[in-house]
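Shown here is one chain on its own, the form predicted on its own, set out as structure tokens.
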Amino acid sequence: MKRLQYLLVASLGAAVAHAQQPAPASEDIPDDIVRKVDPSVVAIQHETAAGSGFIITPDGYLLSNGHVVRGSDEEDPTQPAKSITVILNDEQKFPAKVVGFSLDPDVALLKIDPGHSLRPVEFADSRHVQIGQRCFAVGMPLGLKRTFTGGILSNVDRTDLGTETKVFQTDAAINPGNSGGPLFDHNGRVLGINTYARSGANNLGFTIPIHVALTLKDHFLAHGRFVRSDLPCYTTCELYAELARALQAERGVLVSAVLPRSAADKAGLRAGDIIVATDGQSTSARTRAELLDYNWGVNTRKPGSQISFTVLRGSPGARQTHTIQAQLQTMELLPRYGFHAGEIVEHRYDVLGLGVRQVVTASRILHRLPEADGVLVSTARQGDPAGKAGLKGNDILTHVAGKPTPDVAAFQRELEVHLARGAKAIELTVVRGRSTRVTALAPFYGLRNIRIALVIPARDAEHVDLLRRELLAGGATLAVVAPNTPTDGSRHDVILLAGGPGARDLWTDAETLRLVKEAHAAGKVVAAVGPSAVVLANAIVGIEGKKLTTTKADSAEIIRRKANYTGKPVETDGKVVTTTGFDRATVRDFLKTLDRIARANR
């Protein structure tokens, strides 16, 4: 990767938890500032956290921190929280959608639909701030309704916090709950997004410059995520005073390393090159802050665009000038490292105690992984088949039963062929460090000989991949059924309806209703995820009083049919099993319950 400091950032959310208590403002906050900005600041709440944010457009776009809206899904760190509520200054509440978020820089863009025009903030030019400049932080810290604190910008070039960009430091108190709120200047214009405080420091808070946040906002609107550009893989270093003297170089940016056979290497960059111009514009970085600004300018360009470097190469006094032309690429997703959540989805077979992720170049560098084509073991739980096979985290699985598995899709395909056959042992080729070994995965097929029909909505289905792979890993004989497809319910032991918004299409699907009705009458297990629970309420004779659960949005449909809506994450009533399908963890609990009931009904 170009800069590994992306991966070394400490957890911003964890840092917030250690913030200090509010302190009185160093100067009185003008009443006109309060009146101006108060309508633009909001509170943000969801199932696991709370924070602040601020309105940036009259139609309901808001900025906050990524860690404020991030969900708790360990397998997919790119997922936001499921149920986010935005509370305006007049206590009106609206559900919010996360357009996109990033943890470094720690920025999120949300959208609400208030039905009326809102008052957006005004933006200051955060590229031209000064130490000593007055500022005011606004947010909802420590459970308080709304708090204004005042102070000054005490540093505008903090670069020692492991963040991708420089941040501002302020002595205006920033506490838990302030995260995502605005830092205003003396005119009530936003300088940045408050994000965290330094543990053990009195009134030492940090703010992401608003120009950085607005760049991310544009990325979120265009792509739903932060899409970085890069010329992989080289690293850079600022020419600080001692290094400049040693190299006898007055200006430039030092290329400190180039990965062999990388795109940067093929373009012609070499370790020791000094970049003195980029696209014909003079390039220089004497400080870490200047280097971060330079790299940020490169990384926020459009992928696929051309870039030109003018470099000095050779020993002092004998340097030659070279021009290097290259095309920027979309940077690979960032892996999990330390407290950084990463951006790579884990594909987990919980029944096997096994999870894998795609290997990226940064993973190889950080964990010193071998140059082997395969998938990275991210979970290998002891006591389960993966642990018993001797697998460990950071192993690379290159083959399944002799077939190459260069990526996650190939690994899933080959593994599931053998799971579907009920193979007693599945051969895996494992690369660990410099050694290659062969081991065998021995699944425990608790659902062996249990026939399950998985009915999938034609559109907007959720958790289908999770349901499919866990049922296969459990040994079930699985048949995937599309809506309006005639199916003989007597051939199956379990009828399972997948969830998602598209599951509402199943409510009146004649074949699905017939299938559920006949299966339940025949004493089969019927199960549903999320909105598809309404199908059970429509199809089962004698549904009155039977316990069901579903999403909150669909609870009225269950109640209208006089079923007993409980609202529990997972509900059972005899051979009827339902779940809200709220998140991946809930669906996994549902599958464990379904496994138990299906085996008992065998």
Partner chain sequence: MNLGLIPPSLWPRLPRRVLHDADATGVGHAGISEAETNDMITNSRTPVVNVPHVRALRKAIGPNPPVLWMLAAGLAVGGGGCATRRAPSPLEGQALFAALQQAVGAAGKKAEPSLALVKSEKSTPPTRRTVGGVTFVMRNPADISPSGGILLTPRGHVLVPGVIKPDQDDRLTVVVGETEHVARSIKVDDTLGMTILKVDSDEAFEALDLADGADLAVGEWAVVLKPTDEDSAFQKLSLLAVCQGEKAGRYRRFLLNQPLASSAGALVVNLSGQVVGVVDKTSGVLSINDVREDLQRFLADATGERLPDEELQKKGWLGAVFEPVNKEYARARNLPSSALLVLHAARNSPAAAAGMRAGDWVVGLNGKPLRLSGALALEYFSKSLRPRAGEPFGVTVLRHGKPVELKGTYTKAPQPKTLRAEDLGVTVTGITDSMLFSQNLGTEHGVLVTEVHRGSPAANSGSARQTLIVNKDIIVELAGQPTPTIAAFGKVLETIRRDRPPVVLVKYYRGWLTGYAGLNLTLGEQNPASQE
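Quantities reported herein were computed from a predicted structural model and do not represent experimental measurements. Positions refer to the first chain, counted from 1.
This next part talks about the form predicted together with its partner chain, which is not shown.
S.K.: Does its partner chain get within 4.5 angstroms of any non-hydrogen atom of residue 522 in the model of the complex?
M.R.: Residue 522: no, not in contact with its partner chain in the model of the complex.
S.K.: Is there a heavy atom of residue 158 lying 4.5 Å or less from a heavy atom of its partner chain in the model of the complex?
M.R.: No - in the model of the complex, heavy atoms of residue 158 and its partner chain never come within 4.5 Å of each other.
S.K.: With a cut-off of 4.5 Å between heavy atoms, is residue 435 one of the residues that contacts its partner chain in the model of the complex?
M.R.: Yes, residue 435 lies within 4.5 Å of its partner chain in the model of the complex.
S.K.: Does its partner chain come within 4.5 Å of any heavy atom of residue 427 in the model of the complex?
M.R.: Judged by the heavy-atom cut-off of 4.5 Å, residue 427 is in contact with its partner chain in the model of the complex.
S.K.: So its partner chain isn't shown here. In the model of the complex, which residue out of 377, 461, 365, 204 has a non-hydrogen atom within 4.5 Å of it?
M.R.: Answer to the contact question: 365.
S.K.: Which one, 118, 259, 292, 153, lies within 4.5 Å of its partner chain in the model of the complex by heavy atoms?
M.R.: Residue within 4.5 Å of the partner: 259.
S.K.: Looking at 249 to 257, 171 to 179, 480 to 488, 525 to 533, which lies within 4.5 angstroms of its partner chain in the model of the complex, counting heavy atoms?
M.R.: Comparing against its partner chain in the model of the complex, the contact stretch is 249 to 257.
S.K.: When you measure heavy atoms, are 40, 60 and 275 every one within 4.5 angstroms of its partner chain in the model of the complex?
M.R.: No.
S.K.: Select from 223 to 251 the residues with a non-hydrogen atom within 4.5 Å of its partner chain in the model of the complex and write them out in sequence order.
M.R.: The stretch 223 to 251, when checked against its partner chain in the model of the complex, contributes 234, 237, 240, 242, 243, 245, 246, 247 at the 4.5 Å heavy-atom cut-off.
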